[in-house]
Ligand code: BG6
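Okay, so here's just one chain, in structure tokens, the form predicted on its own.
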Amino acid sequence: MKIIEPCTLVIFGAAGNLSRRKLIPALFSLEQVGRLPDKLVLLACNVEQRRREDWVVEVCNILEPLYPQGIDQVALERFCARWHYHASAPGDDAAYQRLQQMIEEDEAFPANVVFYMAVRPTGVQEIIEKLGGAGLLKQKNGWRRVVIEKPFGYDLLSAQTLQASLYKHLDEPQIFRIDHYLGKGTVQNVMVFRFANILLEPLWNHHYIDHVQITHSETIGIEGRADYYDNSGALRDMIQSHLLQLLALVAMEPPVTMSAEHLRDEKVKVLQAIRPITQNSVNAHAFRGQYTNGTIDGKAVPGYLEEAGVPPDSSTETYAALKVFIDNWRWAGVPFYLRTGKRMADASSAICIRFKNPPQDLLRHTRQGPQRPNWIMLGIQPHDTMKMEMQVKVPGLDLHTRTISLDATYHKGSEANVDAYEGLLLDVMLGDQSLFLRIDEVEAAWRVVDPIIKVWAMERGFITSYPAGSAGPRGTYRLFDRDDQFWRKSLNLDGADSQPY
């Protein structure tokens, strides 16, 4: 276990949604298991003027409902003692000078500093400029690191513009572009599954794999985030970041080592090998939809256009599906299907890999029904699992086959669930960038989706609707190459869709 140096973790937007739901609970979980360094100081930065004591009470109010059986009071006391508070209102440039004096002159604050941008994407550039202007990003007596949440930019040009502004004050090793999806244990298990087992490596190519499906579906809507989501949409929010990262992990070549640079080098190669989607071919490779009112878990829910803050003529997609090809030796001709949607029937994330049928169907005269393919499926959420579907003989005198599922739920009941942010926060303090995005990764991902963004922006009047609580919009079947290819609805044996969605 690597030793974490004492540091000061400054959270901008500490009273915001991300900090309340993810960062503060993750930090407290690390406190409980003794993984935070003894001299770690937590500094909350927010727009309101507050006393430190009032902020500590708020931290307790955030955490206590998460532990209905009772919270660890010793750990909570230790955790609250770490917190300080600093008001930093928009337009108050002097606040950054006061912050600089606090960090650099008060011996209670370690010289190594992490600045976490838990703020709206539009506010990141201004904060970095002011931190740089106050000299807070100079690595004099200790290191300085900045964590930036996705989305990194709005398209390729805005990402490059944002990056240019960061390079005025920061070097690439100081920038941690966080994608919390990569911190999920099952996502990391994709790398273990690929590189710690030799069993499937000979089959992991276009000779044996028919296609790959990567799905992330949610039952929730936009949860009051209309101001962000209506300017983003499913393509930017999920596919450009999370799902393309999963694609890269599935398709990448074995890295030289598991070091951050070697790992990211191979992911970049995959993203750069994705066949460009021209504007003329967007409709053949991409599909979008928008949810209307419907029923989720027996409760009526509004449609997207009825959500508070959403313009009545919005054409923002809440469902997006994409077909891409990776033009390299291993994956030539294998389609990768990515899809994501809000207000879907199920909340789940999975990677489903369908294998080709045997070259000769020797059992065609004895089999009942169509030929069934082999699948390997990795469940990411809600369950950490791996499944494999194969054909076996039905017991009896006749030679009939049926599909069986070999299930491996590798998360044992006695093993604790770890939130993605817990590991990622430790990685930032350690300076390990393995699970963070390098700028060329970000640019390569934007190049994949940029043509789609442009076409959808021009074709604002054409978007397919789907009822909330359904499997998504009809018509997505046109992305598939053959009639025998369908979306997997679930990882269960009956999960192969019989309806042409």
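Every value quoted in this text rests on a predicted model; they were computed, and no experiment measured them. Start at 1 and count along the sequence shown; that's the residue number.
Missing here is the form predicted together with the named molecule; even so, the following discussion is about that form.
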{"query": "Heavy atom of residue 225 within 4.5 Å of the named molecule in the predicted complex", "finding": "yes"}
{"query": "Contact flag, residue 389 vs the named molecule in the predicted complex, heavy atom cut 4.5 Å", "finding": "no"}
{"query": "Residue 181 within 4.5 Å of the named molecule in the predicted complex, heavy atoms", "finding": "yes"}
{"query": "Distance check, residue 427 to the named molecule in the predicted complex, heavy atom within 4.5 Å", "finding": "no"}
{"query": "Single option in 339, 288, 342, 354 placed near the named molecule in the predicted complex, where near means a heavy atom within 4.5 Å", "finding": "342"}
{"query": "Candidate from 384, 210, 155, 218 lying within 4.5 Å of the named molecule in the predicted complex - any heavy atom", "finding": "218"}
{"query": "Candidate stretches 168-176, 314-322, 192-200, 237-245 - the one whose heavy atoms come within 4.5 Å of the named molecule in the predicted complex", "finding": "237-245"}
{"query": "Residues of stretch 138-169 in contact with the named molecule in the predicted complex (4.5 Å, non-hydrogen atom)", "finding": "150"}
